[in-house]
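The chain below stands alone and is given in structure tokens; this is the form predicted alone.
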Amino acid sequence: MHPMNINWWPSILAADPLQFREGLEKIRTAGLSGVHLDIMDGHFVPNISFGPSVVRAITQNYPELFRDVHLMLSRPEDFIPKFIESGAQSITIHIEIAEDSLKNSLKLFQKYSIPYGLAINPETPLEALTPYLDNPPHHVLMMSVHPGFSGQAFIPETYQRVQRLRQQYPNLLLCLDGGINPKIAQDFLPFGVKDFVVGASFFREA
């Protein structure tokens, strides 16, 4: 069971790929408010997932679920408008992309007035976020696995990284993504983290 004092964001990519509707029904039955949509281009990460048409289908069939889109793309600015048009309500991009792509994406977020997040990979120094936190994003997505594939083991160094970032930015909304289960999530509550992306532990639990 997943404690309800935590905001769970199930990643539909971890559901049975032939049964996405069943996965969405499980999210709705659990009384959760949103779905996390991992979009991968086979370049930024070594995997390919799905595109705006799937987001549009979810928007049309499950309008009550908040659509949180995570773009693991080398050039997210080429797709941000398409995902917004398809129903994305929040979009996260990676701090590791080229600087021009990052700046172009931030301009698009401002143009469309959509909440956005900045994701950071486990091996990326936290200092990479610093230039973008004076005017902070809606949230920072801390990757606690190497992005690209569901079912990976949680990286323990994430505890120290979250603690450091929380000390520097006490009001920043932090979300964790990767290898999360209820026990791990509870351990982060003292750091003020209440938002967690879950995959295998949600869709494959008994």
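In this text, residue numbers run from 1 along the sequence as written. Here the structure is a predicted model, which means the values were calculated and not measured.
This next part talks about the form predicted together with ligand DX5, which is not shown.
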Contact flag, M72 vs ligand DX5 in the predicted bound form, heavy atom cut 4.5 Å:
yes
When the contact criterion is heavy atoms within 4.5 Å, does G34 count as touching ligand DX5 in the predicted bound form?
no
Even though the partner isn't displayed, in the predicted bound form is A185 close enough to ligand DX5, meaning a heavy atom within 4.5 Å?
no
When the contact criterion is heavy atoms within 4.5 Å, does G151 count as touching ligand DX5 in the predicted bound form?
yes
Each of V140, C175 and D195 having a non-hydrogen atom within 4.5 Å of ligand DX5 in the predicted bound form: is that the case here?
no
Could you tell me which stretch in 48-56, 26-34, 64-72, 156-164 has residues with non-hydrogen atoms within 4.5 Å of ligand DX5 in the predicted bound form?
64-72
Could you pull out the residues of 38-55 that have any heavy atom within 4.5 Å of ligand DX5 in the predicted bound form?
D38, M40
